[in-house]
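Okay, so here's just one chain, in structure tokens, the form predicted alone.
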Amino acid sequence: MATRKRTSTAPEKDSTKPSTLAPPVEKNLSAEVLAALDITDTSMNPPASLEGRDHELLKKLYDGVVKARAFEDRMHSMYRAGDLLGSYYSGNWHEAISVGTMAAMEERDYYCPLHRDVGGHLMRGMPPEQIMGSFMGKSIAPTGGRDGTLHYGRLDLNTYNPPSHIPANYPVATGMAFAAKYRGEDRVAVAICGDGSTSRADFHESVNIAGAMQLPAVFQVQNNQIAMGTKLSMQTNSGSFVIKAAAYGIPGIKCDGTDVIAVYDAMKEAIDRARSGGGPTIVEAVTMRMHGHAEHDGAEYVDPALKEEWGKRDPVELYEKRLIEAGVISEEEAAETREAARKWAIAARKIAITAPMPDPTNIEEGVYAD
């Protein structure tokens, strides 16, 4: 395997994080071996430094995670109030991943998100009421009400709809990356899946062909500890998912998915490499699924101790605390931002609730070719 010049970072001990939160990046492999394989692991490092960062970017990330959390909170209450046609798939504790990822992307890049990436959708410009309307089957949804759940995307925003059968978006992103390279376009395709998706053939087929053709793609795995009801130890015998990058001869980066700056740094490095012709990267972002697979799932199968540990790692609260301590924002500004986001989400709900249902006479529009 060709050796790249990029320096891999060995895992560092962090006394502020419980040692049981994440396993070593790979069983029985030293940091030197991982570096030779071009695998970087920052997931157990201290939070990424804010020193020298653009404050506008830091505030943009804060606004993103706060709005994502406000949206999630509103959707949980809407589910319990019976506003939604079906269930809801929470992105709690995923906010830092979706927001950090989108901040590292350009508008022209292709976005093939996971169903828990509300923060990315909102940052890309999708109105909150449009997402809410999708779960309500309303006419304001991107599908015009032809779907009543999470399958919302907008091609005008270069955003592909999250599929139910994950990672069915991986081959799509690979095709987009191929098209970009074939046409000579300056675009990168970012595909996102969960830990359970890495057991499927389309994951391996997509990463393999992207590596073989050095396509401008980034494959992100959101490791949230549980694939529906399957825990990590039943999913794989590997110590991580990022190690799979070595099998395809591409770099891998593992980062703390509760640290929005760490996610931004990892995705920026991977996206910049893809854009400059360096080929694809696997990025593993580690977090926890704090709700059931969906709201109808009580998640009784989750170890309470695991949930209690991760409960101390709220990505929104941790980032807010760091910004205040660094003097980037004041406590008053933080409170104002949170309150503004709460009112923003409530206003979006009112629009979605009062939006009309689809007109049945339009059922064939956009479905059948002439």
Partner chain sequence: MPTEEKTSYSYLEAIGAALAHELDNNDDFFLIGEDVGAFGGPFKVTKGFLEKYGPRRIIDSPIAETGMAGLAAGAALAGLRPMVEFQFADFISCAFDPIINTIARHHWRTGDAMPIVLRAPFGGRLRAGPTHSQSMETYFAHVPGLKIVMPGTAEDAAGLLIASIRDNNPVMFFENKYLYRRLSAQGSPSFEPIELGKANVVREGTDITVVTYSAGVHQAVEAAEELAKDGISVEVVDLRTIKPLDIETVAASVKKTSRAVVLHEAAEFMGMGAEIAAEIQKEAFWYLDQPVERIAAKNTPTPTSPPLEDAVIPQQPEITETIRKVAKA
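Not measured: the values here are computed from a predicted model. Positions refer to the first chain, counted from 1.
This protein has a second form, the form predicted together with its partner chain, left out of what is shown; the following refers to that one.
- Annotation: in the predicted complex, residues Gly125, Gly175 and Ile351 none come within 4.5 Å of its partner chain through any heavy atom.
- None of 139-147, 182-190, 250-258, 209-217 except one has non-hydrogen atoms within 4.5 angstroms of its partner chain in the predicted complex; the exception is 139-147.
- A single residue from the set Thr230, Ser276, Ser238, Ser77 has any heavy atom within 4.5 angstroms of its partner chain in the predicted complex; that residue is Thr230.
- Shown alone here, Gly91 lies farther than 4.5 Å from its partner chain in the predicted complex, counting heavy atoms only.
- Among heavy atoms of Trp344, none comes within 4.5 Å of its partner chain in the predicted complex.
- Within this chain, Gly196 lines the site of its partner chain in the predicted complex, having a heavy atom no more than 4.5 Å away.
- Though the partner is left out of this view, Pro171 does not reach within 4.5 Å of its partner chain in the predicted complex, counting heavy atoms only.
- Shown here without its partner chain, the chain has Pro163, Ser164, His165, Ile166 in 154-175 lying with a heavy atom within 4.5 Å of that partner in the predicted complex.
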